[in-house]
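Quick heads-up: it's one chain on its own, the form predicted alone, in structure tokens.
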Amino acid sequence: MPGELADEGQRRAMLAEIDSSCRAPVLFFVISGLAWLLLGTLLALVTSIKLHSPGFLAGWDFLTFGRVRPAHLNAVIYGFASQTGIAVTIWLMCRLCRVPLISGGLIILAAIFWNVGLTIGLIGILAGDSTAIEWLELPGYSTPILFFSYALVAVWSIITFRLRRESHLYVSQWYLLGAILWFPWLYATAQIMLILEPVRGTVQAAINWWFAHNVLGLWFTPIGLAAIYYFIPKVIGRPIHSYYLSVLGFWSLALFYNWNGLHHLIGGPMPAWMITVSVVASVMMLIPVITVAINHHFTMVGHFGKLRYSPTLRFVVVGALCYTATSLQGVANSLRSYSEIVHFTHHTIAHAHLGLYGFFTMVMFGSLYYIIPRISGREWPSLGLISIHFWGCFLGLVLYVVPLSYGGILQGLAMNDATVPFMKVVEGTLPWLKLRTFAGLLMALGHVAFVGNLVWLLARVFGPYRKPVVAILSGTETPAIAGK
């Protein structure tokens, strides 16, 4: 008994040391990421309003749809999602490797460079200097700064993994290392072949969609799945259902996802075999998707009641469900017969948001609800703001994805009917687009609630607040943190 208490004390002390070492770099990435989220949300609302009210802010050149939309996209992808993903990766790597963060100043320097490069890039986009290549709109003079910043983080991650004290590799580490190694390959290849030494003809479209699809599947998806595999067992206090399903899910994702993307070019002037290979790979994605869904579901069996009390679990489980839904929707979209209907419609927009927002962003929110109290030593001050955050984001997501998915199908059927005038089709989308703006307002409310709660928490870090946090360091949830 005394030995067990001593071991438990040493474990708590080690976790406290790790969390303390991660505090400054993780908070830097999180705070800067949330700042970009607020800006990206504002730009998204402007973009959405312009779709049904084109005259909105029409007198400002830098706020035209062609500039605001890519600015929103890059602010969310590289400003919020990537920085939040890096913050969660840093904390998870240190926790799973059982080592304190090494060279925290270097990570903060990387975060500074990342934000400087992104700021320069977004100013360039709003000034009309976009590359006009989707997901790669940042001007060429800003991307080297981002790549240098990422290189610092990637090298640090590999060194941390090399110095790990824990010999056992948890499934989350596979996904994190995969994301860390896959992203520079994707980004560098796309930059070289589309920006620095651009290829010719339709090959540009092939590379563009290979990158755009795989940056979601091989950068954001592995980080999101790593977080799900870590936080669900951690919060409910039981191991993952099946180690072997984890192995199958990881390697089938690595094998099939990188062939995806070209199904977005169905009907285009592309070699038929390239499109067919992409379609087959998309269908084969059923293997990792169903495998992961089974693993997560059976891990949660008997513990779904805890969703009422744990914000971490609530957001992460919703994100896991959205991962399954968006993946199945993506398989359907890749089929030629279905693509003939939904291609070039708002159905595709709904699908993209279900993946990046419904899956990845919701999982990141849940991760931060777990991580921030542990690195700050304080509980979340307002349970009401947590509820506003969840329901604003969840209801906004539902009102965004469901109507646009259904409306996109109607839009596609109308466009394929030669007797329906095109302007009639456009007019038919207006109700869905207005509902999209309302959904965006709900999401914005959730984002403001989360940022307000975080600011409140950080403002009270240096003062006495509620009661000493003991359960935090032991890896269990206190009632207040759990949302009770």
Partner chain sequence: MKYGPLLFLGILLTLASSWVGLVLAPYKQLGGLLPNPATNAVGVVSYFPEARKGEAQQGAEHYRSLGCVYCHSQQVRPAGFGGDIDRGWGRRRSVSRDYVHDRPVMLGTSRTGPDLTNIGERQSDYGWHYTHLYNPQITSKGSVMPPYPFLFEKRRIGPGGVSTNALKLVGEFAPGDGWEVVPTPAARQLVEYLRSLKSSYDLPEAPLPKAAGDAVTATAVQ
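These numbers come from a predicted model, not from an experiment. Residue numbers count along the first chain shown, from 1.
What follows is about the form predicted together with its partner chain, which we do not show.
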Site test, S20, V76 and L286 vs its partner chain in the predicted complex, non-hydrogen atom cutoff 4.5 Å
no
If we take heavy atoms and a 4.5 Å cut-off, which stretch out of 144-152, 188-196, 326-334, 397-405 is in contact with its partner chain in the predicted complex?
188-196
Which one, I120, M270, L410, I294, lies within 4.5 Å of its partner chain in the predicted complex by heavy atoms?
M270
Please tell me whether any heavy atom belonging to S103 falls inside 4.5 Å of a heavy atom of its partner chain, as the geometry stands in the predicted complex.
no
So, in the predicted complex, is F298 in contact with its partner chain at a 4.5 angstroms heavy atom limit?
no
Exercise: C94 in contact with its partner chain in the predicted complex, heavy atom 4.5 Å:
no
Is T64 one of the residues lying within 4.5 Å of its partner chain in the predicted complex, judged by heavy atom distances?
yes
Which residues from 406-433 come close to its partner chain in the predicted complex, meaning a heavy atom within 4.5 Å?
Q411, A414, M415, N416, D417, A418, V420, P421, F422, M423, V425, V426, L430
